[in-house]
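Just one chain follows, in the form predicted on its own, and it is written as structure tokens.
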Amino acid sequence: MSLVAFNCNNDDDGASQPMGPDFSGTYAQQDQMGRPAVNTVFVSSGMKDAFNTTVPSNQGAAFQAMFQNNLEALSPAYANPGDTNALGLDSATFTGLLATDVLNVSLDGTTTFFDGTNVLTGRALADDVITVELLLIFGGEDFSENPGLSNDNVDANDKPFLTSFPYLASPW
């Protein structure tokens, strides 16, 4: 769900104050992305609108087969029957997980995309999400397969994150 709000009028005498967003119109969901790049990589171009407007609880049933076909076509790490990634997930199981595009959050444990022990228990700003995804797609059973495809070579943000809200680094 995205929300775009703006306010334009010719009443700039300060007499009226915005009362908050106006939700009286008709809105349509345009995009969703629980896990970065998953939608971009695994959803075929003709299915983007359908995927983006399908509620996550229905995405697995509707899109897992497409995800699996695209994964097997894309990654040599799943070329042979029985191939798995470092989590021990074969292509059907892995794409079943990915096709439900939500970011899970552990309420009582470590929050991380992957830290070597915990997997998909949330996401910290400094997590190297794209490299983790590349490793799970191309890295094979022990992250050693296809090394040229398994790392985006961006190991950290170019600026430090803030210690208070909104925590993101300034863009300039």
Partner chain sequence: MKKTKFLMAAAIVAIATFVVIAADHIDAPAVQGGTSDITDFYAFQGENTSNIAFVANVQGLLGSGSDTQNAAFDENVLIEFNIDNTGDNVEDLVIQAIARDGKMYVFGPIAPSQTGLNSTIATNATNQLSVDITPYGQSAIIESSGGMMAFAGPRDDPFFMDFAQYSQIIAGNATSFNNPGADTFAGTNVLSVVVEVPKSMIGGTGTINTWVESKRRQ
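The term rigid core refers to the most C-alpha atoms you can superpose between the two forms while keeping them within 1.5 Å. Source: prediction; values computed, not measured. Residue numbers count along the first chain shown, from 1.
Separately, the form predicted in complex with the partner chain exists; it is not shown, and the next lines address it.
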Is residue 109 one of the residues lying within 4.5 Å of the partner chain in the predicted bound form, judged by heavy atom distances? yes
Taking heavy atoms only, is residue 31 within 4.5 angstroms of the partner chain in the predicted bound form? yes
Could you tell me if residue 40 has a non-hydrogen atom within 4.5 Å of the partner chain in the predicted bound form? yes
Interface membership of residue 103, the partner chain in the predicted bound form, 4.5 Å heavy atom rule: yes
In the predicted bound form, which residues of 125 to 144 put a heavy atom within 4.5 Å of the partner chain? 125, 126, 127, 128, 129, 130, 134
Once the core is aligned, does residue 153 move its Cα by at least 2 Å between the shown form and the other one? no
